[in-house]
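Next up: a single chain in structure tokens, the form predicted on its own.
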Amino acid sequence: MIEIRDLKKCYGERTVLDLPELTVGDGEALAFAGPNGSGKTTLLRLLAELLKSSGGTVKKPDKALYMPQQSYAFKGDLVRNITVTGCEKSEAKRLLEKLELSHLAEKKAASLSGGELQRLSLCRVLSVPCELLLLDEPTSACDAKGAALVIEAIKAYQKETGCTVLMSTHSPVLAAKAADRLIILNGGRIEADGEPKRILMNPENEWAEHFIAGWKI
């Protein structure tokens, strides 16, 4: 379980995240949406312990994995880019097949397109079991087919490991299909919180309604 109390992140006098209270149950899949600068990435980076908070407390699982929005590649082919985590080659090849990258397995990872590289990065993360999976815009570089593959891979991994998943997204499709719960952030604060389809169909306030109206589905 994740329990957040009075969590803040400030840069000088500017507060970019202000969460008085947030609880996420074990095995829950939670998507964060909101405009740029709403605090989505900041929250994930705080949970990944890549940032230090300006106040508050966070209780969370010890074994967490974080996938940044900016995908990256190591030298070598796709299989090597996954086995750097310590997983077996057979597992790397299984994941490449699942994300429909197996036909590129012997290519240099640096030659991949943006969407292919993002799927490779997800393969790398999913090669290791964890209790908490933190994904920052995991479909941002993918086309519709690639995004669908990512969604199915995330759901399968969660089913296999029982982990809790927190992801930021600009995609209502990802929120609706991969998350049990959707939180919309604005200026670092929660504007809406609930089951994704309910929030998308019936926003909780005028600001959330305006934001969702501009969200491309």
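Quick caveat: nothing in here was measured; it's all calculated off a predicted structure. The first residue of the shown sequence is 1; numbering continues from there.
Omitted here: the form predicted in complex with a small molecule. The next part is about that form.
Contact with the small molecule in the predicted bound form, judged by any heavy atom within 4.5 Å, is made by just one of P68, P61, P35, G27: P35. The stretch among 171-179, 52-60, 147-155, 35-43 whose residues place heavy atoms within 4.5 Å of the small molecule in the predicted bound form is 35-43. When the small molecule is considered in the predicted bound form, R198 lies well away from it, no heavy atom lying within 4.5 Å.
The small molecule is not shown here, but in the predicted bound form it comes within 4.5 Å of a heavy atom of E137. Residue contact with the small molecule in the predicted bound form: L22 places no heavy atom within 4.5 Å of it.
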